[in-house]
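In structure tokens, one chain follows: the form predicted on its own.
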Amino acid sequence: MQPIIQANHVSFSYGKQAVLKDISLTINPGEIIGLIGENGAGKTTLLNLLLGIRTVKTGELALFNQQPGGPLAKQKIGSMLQGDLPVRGVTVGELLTMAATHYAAALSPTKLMTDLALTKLAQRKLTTLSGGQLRRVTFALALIGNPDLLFLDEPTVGMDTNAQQLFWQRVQDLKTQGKTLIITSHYLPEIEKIADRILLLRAGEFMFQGTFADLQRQYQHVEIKFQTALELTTFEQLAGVTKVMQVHDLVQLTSTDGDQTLQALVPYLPQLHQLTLNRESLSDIFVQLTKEEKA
């Protein structure tokens, strides 16, 4: 399978300030990638390099086996970046119709507006739209060229709940069609649910690339709670257990390996009641890792 994106030892600096430091990645067709990191981690710079807005000076970067920013890449890429459409005197319908003329395989503006529930906004000028409505129009612009690769930067900012649900349903539809998406968002529960793989940037370097399940196994702390008449010392030496404490009428175990700890608890199961297991979310792990960076 030919990768859609291939980066080898890419670094980038603004003057003497290093922003990306020797990063490498491979993204294959049909993947949804969640690109996460704190502000200043290098996410926007990486997107700018992939879009050809900035030029790689150290390392190698290819999209569709060509340099970013070339004619082929522009026809195959859609982008939804931050900063919304400062175009005056133009309606939503006019904007999408004009944009469609730039692509050989453009979607029908009318059908796209129907699919994205934008038909009622077709005759509205961009300057009269709310922030959430502008984000929806920006998404439509990203899709109008029927791209194979989509960059979505903080896509749901300003959208109401219904618009967000429609957006994520459309993302699922795009995945079903075999599209490749790179999504950055500070709403980490969204990334946790939708991404096939997560790329975690910290201070210009990838500290993790893999599935959310892999990230949980690598960094998580599992909490196992239950009622029991057994002494707390019974559980202190079990596999994976790092902490044992009493929380009201429950015993709480903190484990670095929930599977191993559960297996070790099997002999005690007849004496354990109301057992629950909670795994950390992507947000929990992200906070944990960024705290470690600042410590």
Partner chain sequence: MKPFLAQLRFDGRRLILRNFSFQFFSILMPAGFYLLFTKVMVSGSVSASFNVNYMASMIVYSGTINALFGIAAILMRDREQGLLQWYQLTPTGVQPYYLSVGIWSMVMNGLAVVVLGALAVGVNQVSLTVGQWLAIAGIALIGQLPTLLLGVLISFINRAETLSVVSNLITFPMAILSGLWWPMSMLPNWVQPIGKLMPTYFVNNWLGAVATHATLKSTTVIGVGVWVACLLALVIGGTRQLLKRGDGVVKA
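Numbering follows the first chain given and starts at 1. What you are looking at is a predicted structure, and each value in this text was computed from that prediction instead of being measured.
Heads up, the form predicted in complex with its partner chain isn't pictured, but that's what we're talking about next.
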Exercise. At the 4.5 Å heavy atom threshold, is G89 in contact with its partner chain in the model of the complex?
Worked result: yes
For this session: Flag E94 as yes or no: does it have a non-hydrogen atom within 4.5 angstroms of any non-hydrogen atom of its partner chain in the model of the complex?
Result: yes
Exercise. So in the model of the complex, does K125 come within 4.5 Å of its partner chain, heavy atom to heavy atom?
Worked result: yes
Exercise. Can any non-hydrogen atom of D148 be found within 4.5 angstroms of its partner chain in the model of the complex?
Worked result: no
Exercise. Which of these residues, N48, T228, Q252, T261, gets a heavy atom within 4.5 Å of its partner chain in the model of the complex?
Worked result: N48
Exercise. Given that its partner chain is left out here, which of E205, E223, D153, D196 has a heavy atom within 4.5 Å of it in the model of the complex?
Worked result: D153
For this session: Would you mind picking out the stretch of 23-31, 265-273, 241-249, 50-58 that comes within 4.5 angstroms of its partner chain in the model of the complex, counting non-hydrogen atoms?
Result: 50-58
Exercise. Does any residue in 90-107 get within 4.5 Å of its partner chain in the model of the complex, counting heavy atoms only, and if so which ones?
Worked result: V90, T91, E94, L95, M98, A99, T101, H102, Y103
